[in-house]
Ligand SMILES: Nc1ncnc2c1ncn2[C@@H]1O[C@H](COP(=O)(O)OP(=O)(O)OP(=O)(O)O)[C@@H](O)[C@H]1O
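Quick heads-up: it's one chain on its own, the form predicted on its own, in structure tokens.
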């Protein structure tokens, strides 16, 4: 009997917070451990760079069009970018694709577009995706001033059953500010400390797979994966 995949949805407090970097790191870590995984960026707008990063991390085990079946030219939310092209993608289509392409694999990572409530499809957003897939959320935020507000606001948008098991990952910015070293500890006043992980700045060479992550970075990635039951 084919295994039912565990779906994990990587979402964020907004655009450009490090979702793709984290997703690719987790995928590459799992691949290097010899453990099966599928990864998806079902909706891309303004280019397919995010999907290409996942394709590279997977090492050619998934076709680009399986990772990213819908892509649009305008650098806007996917729902709006699709509308500008006279196209419509429904949430049901996305769910069908993810389930079909993940069949038989124990773990599937799905990277959402933009922030948690950014319009993804004509009739849904990443929160809807989480609900229908019964997925575990990973919430990514840039580890800078404002992260506490952004994370708390995003968590408040999730139902309590999802909120309590959300992994919060703080991605180090290019230029740290005085809050960067304190945000994880401060957020522990509002969310379980064992579900908050801060990730140091990741070089381009590590992101591309040209260099291996440090042992310290791998330990943090393993914490994320362990928190997902993966």
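This structure is a prediction, so every number in the text was calculated from the model and none was measured. Positions refer to the first chain, counted from 1.
Keep in mind the form predicted in complex with this ligand is missing from the figure; the text below concerns it.
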Using the partner position in the model of the complex, report whether residue 55 sits within 4.5 Å of this ligand, counting heavy atoms only.
no
Any chance residue 184 has a heavy atom within 4.5 Å of this ligand in the model of the complex?
no
Just to confirm, residue 171 within 4.5 Å of this ligand in the model of the complex by heavy atoms?
yes
Close approach of residue 15 to this ligand in the model of the complex, 4.5 Å, heavy atom:
yes
Within 4.5 Å of this ligand in the model of the complex by heavy atoms, the stretch out of 199-207, 159-167, 57-65, 32-40 is 199-207
Considering only 20-43, what residues come within 4.5 Å of this ligand in the model of the complex, judged by heavy atoms?
20, 21, 41
